[in-house]
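Okay, here we've got a single chain as structure tokens, the form predicted on its own, with questions on binding and movement later.
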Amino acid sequence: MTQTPKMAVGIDDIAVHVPKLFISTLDEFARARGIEPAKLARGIGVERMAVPDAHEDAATMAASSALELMQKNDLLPEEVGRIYIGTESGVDEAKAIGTYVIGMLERVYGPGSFQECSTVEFKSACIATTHALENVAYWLKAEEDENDFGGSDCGSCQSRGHVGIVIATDVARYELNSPGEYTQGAGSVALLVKRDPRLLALDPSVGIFTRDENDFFRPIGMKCAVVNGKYSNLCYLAAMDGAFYSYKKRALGRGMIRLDAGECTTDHLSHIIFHIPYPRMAEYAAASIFRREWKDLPRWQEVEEEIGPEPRAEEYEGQKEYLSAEGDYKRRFSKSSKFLEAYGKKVKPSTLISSSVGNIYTGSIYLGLASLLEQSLLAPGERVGLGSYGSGCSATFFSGTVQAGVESMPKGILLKKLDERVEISLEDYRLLHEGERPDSVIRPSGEFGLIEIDQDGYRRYDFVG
């Protein structure tokens, strides 16, 4: 049994901007790096990585996704009260990337058209956009509460249909020939956040997990992140587990989800979207949570009949032997028929777009939502769980209920755009990665572009017709 909030605030629409260029990880790239293509296709799950052209950066991509969102929803600048942006690819140490974005949008809508719109840049690794979404949702709820008191300002906002736009925008970049190189990507996701949304109404229960870690960080002045790869995976799983069980405690405690005999919380989530640094990571997260969820339920007997009982520490001579057995059991569980059925139904469909784009940091989880929408897999009344992770580290698990308006939303447009991209050579990829190519591979047309960086370091953008 599930319950939905009385006053719905959530995601009304979504727009995704991905660079027109990509490099395949399975061909020239794999050969040059001495990696078996099968390892990248199955072991990592990334087959194509989006590559920004010379005129593109996190700001241009953010402006492009915002413009698409506004145009397809016929939004006027005065209707947009907030543009909050999550990124770890900020283009300035002080100036908010949103001011650059507003400047670019005003090239289209006119000078000063967004002067009553607030903007702020959120930084918390890959979880930043989720915090931005939470803040805009709270703002909309606060405006509704103020309207209950008859405030004239809020009444004006309500009559104009004030909405918020939340943007995730990032360029995932690692050193050439590094272990993380094949998990790069680039893109931006813009979310239209409003009352009575068509797509997803956010639930009130949110699970949180935070602790100080050095699994992934990028010191000031460095273009590429420092990544402790295997340790980062462990931090991700620990944080996601912690956030999920925080969510579970709160959702059950307030009666938002009510379990019948033999049920667990994930039974009430039709889809679960995890942060996707690479698609295989979503599988690891699902295995960790499903295994813990099922252990005290009758269905666990079916799992044990197939792969045997879990290893117990007291059965082994030392910690090393036990951990080896535990690792082997994790692998067996991830191949069990019970898990593969649940994963294939609830989680895997959300990784579709990421496999063709790569990691886009703060937007990866929302590419998962776009993947489900593009495949027409969201049905009204379904509850969707979302697990967001940010290195360093923190995690949030939250959920939303699919609304009736989802049935009228267009599907398949983004997948078509991805098919129309241009594949570049390994050399062009190298030049763009290192910032050594002065001209664009594809001349900008009908889009935003970085025109120059002046002698003071100020970035100048324009809409290129």
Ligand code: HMG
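Heads up: residue numbers just count along the shown sequence, starting at 1. Since we're looking at a predicted model, the values are computed, not measured.
Separately, the form predicted together with this ligand exists; it is not shown, and the next lines address it.
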The one residue among G385, G164, G98, G390 placing a heavy atom within 4.5 Å of this ligand in the predicted complex is G390
Among G180, G90, P204, G81, just one has a heavy atom within 4.5 Å of this ligand in the predicted complex, namely G180
Counting only non-hydrogen atoms, the one stretch of 317-325, 266-274, 302-310, 223-231 within 4.5 angstroms of this ligand in the predicted complex is 223-231
Q.
Please determine whether C126 contacts this ligand in the predicted complex, using a 4.5 Å cut-off between heavy atoms.
A. yes
Could you confirm whether Y284 comes within 4.5 Å of this ligand in the predicted complex, counting heavy atoms only?
yes
I'd like to know whether T130 contacts this ligand in the predicted complex, with contact meaning heavy atoms within 4.5 angstroms. no
Indicate whether A38 is a 4.5 Å heavy atom neighbour of this ligand in the predicted complex. yes
Using heavy atoms only and a 4.5 Å cut-off, decide whether all three of T25, R173 and H433 touch this ligand in the predicted complex. no
Checked 353-371 against this ligand in the predicted complex; residues with a heavy atom within 4.5 Å, sequence order, are N359, Y361
